[in-house]
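Before any questions on binding or motion, here is one chain by itself as structure tokens, the form predicted on its own.
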């Protein structure tokens, strides 16, 4: 056995959370420290890998560095029309199960005047699609859909112009429909005949003539999922299904605690297994084997000892830890936003309220754990992996292996969900590291235990709220302090003249980063539970109390719509209770009502009613699915989910120990969609989640005191 020099901890360092994005607390970093002679022996020359990723990987980032990381204006980069008239759109956005592929294809088909069946998309391939920051923040619909629509409208007008030039016909006499240009005298020509499969020339114009939203033909309809048959029949290959010629299988030797450093490594047992290669660099160690079974055997045969730092905080002490360990200049964090005179309003308030809400770390638990297949060929690295940021992962790989970015290709097959948890490229880097050592393509699929322990979590946090009302029952002042959870959704939508709202970055003992809805779930929970507490204390109706402080018509509309659908304030059966919450985030609006029944152990969610408005609806079926999926995920954080850890180790990192919603937990969900064709489309992937927990929490108060922490529990 050999002694390994200690190295800086793999986990965790930290960085701050900034408005509208979280900075990942610390990427998994690998100190590849082979002696030069061993390196040459293994690789025969080449570049030594020094670091796995940039020092700060933004939760919602992928920010370009200029040059190749700018979206092109050339039409050919976005659209191709082959000789048969089939249209292929290209986008760096990825399909994670949100049905973006169909919604974006609807944009193209509608503006290009072609049947939806004649449109397909290439998505998330860094060699074939234009640069994109990533798929996050409900930005695909408001940012990418207009690009695709403009590209299609530009192409349509160019095709009409070319047909007119061919016929020497008056431009006003031409029209496009069904993939053809029609002219005077019954003339027509198919798009494919015009392009002959050649690349479309020209640039996307700033304001091409487009359909009014009220005139949409394909957008606004419940189009069936593109490639849906491949998914339901099992024909689709997810990242974990990818196979390459000569491919081998890898596993990484994981630490047995957070912040651990490798002390000793004995790989003799593993190297006795035929075909096994052991890769060891500083604190990084892994195995490569001909079969997945052999890789697991080899991993089990490696004997490693780790030094886990003592004195780390636990899930019991984390909330005190966050408030006592601020991060930022002077430990002060971000500057608060202040409106009016809070101190004066507080002094004059007829009644005041104060509460502290505790938000635990929770895991993403994606359907498909992280997976990557890496292949080195002729000095170029290609990685197939599940990621929300293909171009961001390309940058990480390029930096890790000291390669120019044009020598790295990242391909994202449609993956089995992400929920904000697949922004970083650690799995891709690990697979590439093992593949370089083995000289063969390597597949690496994280186990469920690895996914729990070594992926990043939704940030924990503490949110303190102080408020007061005047003699007329109107909110006189509002103070809102968030430690560590984040800033998304932190501003109140209610009309309050005197308010102070502040976010305080804190040091975090666990890796944390993006989660569906970002911090909007935590901030909505604290705000809406506090609004509910105030209304109850004043003897006011919870809906009327909110409407009293709302001028935003869109938020008023969803709130009144959900109240009407839920038959507020009366539950559907005796002995039940209704709770309600409302909010806005990412340009969309939501209100949620929860109906609960009392049980010997607490309560049961009997029904969820949700009203949602995100402007003009592109695909009502897809939107309804998004909303329902968000509600189900929201049930997990509201009822069950919380990471437990102590002594630098995860305590509930299995599906048996970490409870996520099951079929029996999902109540009837009534979805009310408000279609606003008078407004641009906003995203829908995140906002429907944010009011599930406070709606449940407020309903549970009918059965007793509710703990001021998630998940919702009776005291």
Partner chain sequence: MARHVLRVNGKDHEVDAEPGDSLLSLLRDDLGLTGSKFGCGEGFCGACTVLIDGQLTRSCVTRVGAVAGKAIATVESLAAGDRLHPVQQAFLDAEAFQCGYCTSGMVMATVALLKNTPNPTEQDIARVMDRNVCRCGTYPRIVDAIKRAAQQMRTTTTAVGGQR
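Residue numbers count along the first chain shown, from 1. Predicted model only: the values in this text are computed from it and were never measured.
A second form of this protein, the form predicted in complex with its partner chain, is not displayed here; the remarks below concern that form.
K.L.:
Would you kindly say which of 96, 610, 444, 289 lies with a heavy atom within 4.5 Å of its partner chain in the model of the complex?
P.N.:
Flagged contact: 96.
K.L.:
Just to be sure I understand the contacts: of 353, 131, 238, 182, which is the one whose heavy atoms reach within 4.5 angstroms of its partner chain in the model of the complex?
P.N.:
By the 4.5 Å heavy-atom cutoff, the listed residue in contact is 238.
K.L.:
Counting only non-hydrogen atoms and a 4.5 angstroms cut-off, does residue 369 reach its partner chain in the model of the complex?
P.N.:
Residue-level check for residue 369: yes, a contact with its partner chain.
K.L.:
Please tell me whether any heavy atom belonging to residue 628 falls inside 4.5 Å of a heavy atom of its partner chain, as the geometry stands in the model of the complex.
P.N.:
Yes.
K.L.:
Would residue 624 sit within 4.5 Å of its partner chain in the model of the complex, counting heavy atoms only?
P.N.:
Heavy-atom contact with its partner chain at 4.5 Å: present for residue 624.
K.L.:
Is the gap between residue 481 and its partner chain in the model of the complex 4.5 Å or less for some heavy atom pair?
P.N.:
No - in the model of the complex, heavy atoms of residue 481 and its partner chain never come within 4.5 Å of each other.
K.L.:
Only one of 162 to 170, 135 to 143, 465 to 473, 446 to 454 has heavy atoms within 4.5 Å of its partner chain in the model of the complex; I'd like to know which.
P.N.:
Among the candidates, contact is made by 446 to 454.
K.L.:
Can we say 303, 306 and 401 each have a non-hydrogen atom within 4.5 Å of its partner chain in the model of the complex?
P.N.:
No, none of the three is in contact.
K.L.:
Within 4.5 Å of its partner chain in the model of the complex, which residues of 662 to 696 have a heavy atom? Give them in sequence order, or say none.
P.N.:
Those in contact are 662, 663, 664, 666, 669.
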